[in-house]
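Below, in structure tokens: the form predicted alone, a single chain.
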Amino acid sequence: MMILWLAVALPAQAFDIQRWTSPDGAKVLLVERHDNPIVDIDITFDAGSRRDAPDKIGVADMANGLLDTGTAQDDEEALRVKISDLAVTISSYGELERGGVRIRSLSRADTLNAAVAIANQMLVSPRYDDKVLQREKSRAIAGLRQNLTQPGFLADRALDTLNYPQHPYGYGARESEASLAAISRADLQRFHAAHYAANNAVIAIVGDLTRAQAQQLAERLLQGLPESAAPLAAVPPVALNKNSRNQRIAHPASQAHIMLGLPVITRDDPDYYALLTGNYILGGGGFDSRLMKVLRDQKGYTYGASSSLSPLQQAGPLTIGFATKKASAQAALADARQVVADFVAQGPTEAELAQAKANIVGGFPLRFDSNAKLIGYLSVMGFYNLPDDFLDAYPAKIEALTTAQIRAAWQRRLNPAQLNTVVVGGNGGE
């Protein structure tokens, strides 16, 4: 029954991805969906916070985030009115590796064309109004002060620093009131000029329009941007420590917050599927995971424990986290380390793998059952040059895994002795 259901849900080439390069060098990906008169667009650039200069941390997030707060033509209020009158969504975003603008609009020509014109202005001539910048800097500083009182934030930030002490992936953890206060309008303009060029763009489109319409739309979105910017430096590989790094942070919270992790997985990782499926069994599968069963069900240390894997262009982190009573922190940390060590040494059981496959494969179609969900995957596929059959092949890759393959992959890629550890509060014993 499961095989038959999957055959219906994910036929061969379920996604007809059309991919081309625009005349000005942008990569464009299109999935036509004509069931509803809606178009979703994601225009992304290699402009994430990893592109900050070491002495200008926070500039990328601010430059990306303020794209939608005014253009050369419209100040912030006028821009909001225009977007509201069209009943569309146009917003900017900044992440670790990417930054850009997203659009959701009706496909009717007058609405879509107007939305594209607004987005084009955001991309080509952001206003970067100094009053808006000062307001957002104050907001960011206030948010940082608040976050620095939270044990979970402190643990996450400290683990990023241990995982990426010199690497650009760790810049976000070094953000400070001083670095935020030092950001100037000129910094934003320089960052924008260095990263927002047509040949640095990836445009993902899902919805009710044809290839010909999408080609015209893509060209209008980037019209006015320079065709190319100076080549960006390659993102350096992540250096892995031979031994673990450990940090304990005093905190008055009633519970100890514990995090473990290290850089592991890339987007094009040959062990991608084995690592992700193994992570589901270790700590990504909620109440079914080993960490939850041991730390919560057997030991009663915590209400919940989990792990996650974050694939990036260079090695993204495996992260394990939970909170427990301060008095239990040291014992819980030791047991968590033992769960990881046992999993790496022994791998999953056949029953664990069968359960993981049923959940991952069975739930896979729900990850992109709407245009709004699919656009995110399409943008990632374009940015990381993933193959057109990435989504179609995903379930089969998971189904084909064996317990031996997962064990071998985890043994190749993860030495439990190298796990970095942070304990905020408690008596972690480090």
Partner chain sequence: MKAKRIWLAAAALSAALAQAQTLSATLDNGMKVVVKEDARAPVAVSQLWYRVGSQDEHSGKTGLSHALEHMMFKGTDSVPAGEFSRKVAAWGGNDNAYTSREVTVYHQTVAARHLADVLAMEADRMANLNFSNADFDNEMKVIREERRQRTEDNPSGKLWELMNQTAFRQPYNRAPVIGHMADLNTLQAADLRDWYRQWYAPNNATLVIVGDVNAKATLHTVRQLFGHLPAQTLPSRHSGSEAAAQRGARAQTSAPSELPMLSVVYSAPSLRQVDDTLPYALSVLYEVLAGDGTARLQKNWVRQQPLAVAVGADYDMLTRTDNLFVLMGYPAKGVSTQQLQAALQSDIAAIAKNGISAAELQRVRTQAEANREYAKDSMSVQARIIGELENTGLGWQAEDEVQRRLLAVSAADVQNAARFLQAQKPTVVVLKPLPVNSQTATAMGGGNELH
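Under this definition, the rigid core comprises the largest set of C-alpha atoms superposing within 1.5 Å between the forms. Numbering follows the first chain given and starts at 1. Note that the structure is predicted; figures quoted are calculated from it, not measured.
There is another form of the same protein, the form predicted together with its partner chain; it is not shown, and what comes next is about it.
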property	result
Contact label in the model of the complex: residue 372 to its partner chain, heavy atom within 4.5 Å	yes
4.5 angstroms heavy atom contact with its partner chain in the model of the complex for residue 324	yes
Heavy atom of residue 402 within 4.5 Å of its partner chain in the model of the complex	no
Partner contact for residue 246 in the model of the complex: its partner chain, 4.5 angstroms, heavy atom	yes
Contact segment among 312-320, 265-273, 184-192, 280-288, judged by heavy atoms lying within 4.5 Å of its partner chain in the model of the complex	280-288
Answer option from 76, 352, 175, 156, heavy atom within 4.5 Å of its partner chain in the model of the complex	76
Contacting member of 167, 137, 296, 98, with respect to its partner chain in the model of the complex [4.5 Å, heavy atom]	296
Three-residue site 21, 239 and 260 fully in contact with its partner chain in the model of the complex at 4.5 Å by heavy atom	no
Residues in 130-146 with any heavy atom within 4.5 Å of its partner chain in the model of the complex	135, 139, 142, 145, 146
C-alpha of residue 73 off by 2 Å or more between the shown form and the other one on rigid core	no
Residue shift check between the shown form and the other one, rigid core fit, residue 158 Cα at least 2 Å	no
Threshold 2 Å Cα movement between the shown form and the other one at residue 299, rigid core reference	yes
